[in-house]
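Given next, in structure tokens, is a single chain: the form predicted alone.
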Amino acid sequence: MFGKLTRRDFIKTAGIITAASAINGVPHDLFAQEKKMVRFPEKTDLMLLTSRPTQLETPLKYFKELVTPNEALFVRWSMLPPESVDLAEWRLTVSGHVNKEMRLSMSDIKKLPAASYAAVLQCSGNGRSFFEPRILGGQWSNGAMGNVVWKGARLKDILNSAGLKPGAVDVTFNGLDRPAVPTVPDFVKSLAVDKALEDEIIVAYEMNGEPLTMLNGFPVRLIVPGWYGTYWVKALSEITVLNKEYDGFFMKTSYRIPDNPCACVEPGTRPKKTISITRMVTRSVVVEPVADSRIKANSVVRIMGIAFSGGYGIKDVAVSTDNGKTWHQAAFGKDLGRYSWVQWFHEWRPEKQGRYTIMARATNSIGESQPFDSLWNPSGYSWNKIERINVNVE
């Protein structure tokens, strides 16, 4: 159905698919099984999901790198993204419950003190394709994530420049993306004022030392490290301070999880109460060897992967090569900070032929780890079951 597309072709096609889905009730995962490799402007070959505007998945091979290249970072939009942005005309507006409304140019934003750090960006639905029973939505495997060095102005400096009036409660964020049909709510997210004023939250204008790519949120996007990407509003254009709690669709209805300690319910059921999804759970992924690899007996095999948590860093990763009977401590690579992922490594010399199951389990600095069994929720969020990779020793 799809080959190489221009950006304009993509925008047009994505709009048709989204409009048809909204009007006719087409399942979100209608084309998810195709996952054809396509290339868009500023991107390398990525896997196309096509269920909503711009869902492009990163192939596992790119996770061998500590920092994900800009051209390989996954893409996820809920709405139709802008086709172009003229920086001479673009402004970031700050309004609402503030002392001074502002319209900031890129030059204005870059005059503010800059902050930079590495942080994992991950879609809430990363791993959704692994849930049983299956769940509608983008059928991501492990590729809706990436580790990037972000640079930008602190959100709190922008808000303090505008001056928060007493009684400020929430801050909302809107971008240049727009719904494909009028009946779909605009994609607006919010943070409580206390959260918005945290030092680490930035309005980023660079990724890995370069301007943001169009598909990853040019000219600026919000970065909320440790939280899922739904809050990382792309192509940010409006910041509004409210003196009441924001009750928009994408906070009060969408992107919510069961309100209980496991954020889970019995498969196929609905939770009695929900809360907004926020902090990422602890997760590890085996990058190599890949599933169903053929390995020679008595050869040294490098098992490697990545692990990350919602801002608490990773304390240890345990690796098993016998389906969980015994476990070994993995060695870590370079540490880029608590919001980054860490690469881990373990050498294994299989002596006997046969089929082996490799497992990896990460634990963060406050003791949160990964479950052996999948924890189900009706949106397919926060997948972090211990991964099992089968390989053949010959």
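Note that the structure is predicted; figures quoted are calculated from it, not measured. In case it trips you up, residue 1 is the first one in the sequence shown, and so on.
Below: the form predicted together with a small molecule, not depicted.
S.K.: Answer yes if any heavy atom of T321 is within 4.5 Å of a heavy atom of the small molecule in the predicted bound form; otherwise answer no.
M.R.: It does not: once the small molecule is placed as it appears in the predicted bound form, T321 has no heavy atom within 4.5 Å of it.
S.K.: So in the predicted bound form, does any heavy atom of T274 sit within 4.5 Å of the small molecule?
M.R.: Close contact is absent here: in the predicted bound form, T274 is far from the small molecule, nothing within 4.5 Å, heavy atoms only.
S.K.: May I ask you to check whether W232 falls inside a 4.5 Å heavy atom distance of the small molecule in the predicted bound form?
M.R.: Yes - in the predicted bound form, heavy atoms of W232 and the small molecule come within 4.5 Å of each other.
S.K.: Verify the contact flag for S284: yes if a non-hydrogen atom of it lies within 4.5 Å of a non-hydrogen atom of the small molecule in the predicted bound form, no if not.
M.R.: Contact check for S284: no, nothing within 4.5 Å of the small molecule in the predicted bound form.
S.K.: Considering the small molecule in the predicted bound form, find the one stretch among 109-117, 215-223, 307-315, 162-170 with heavy atoms no farther than 4.5 Å from it.
M.R.: Comparing against the small molecule in the predicted bound form, the contact stretch is 215-223.
S.K.: Of the options I257, L92, M79, L191, which one has a non-hydrogen atom that comes within 4.5 Å of the small molecule in the predicted bound form?
M.R.: After the contact test, the surviving option is M79.
S.K.: Considering the small molecule in the predicted bound form, which of I201, A204, M280, V75 comes within 4.5 Å of it through any heavy atom?
M.R.: Contact check passes for V75.
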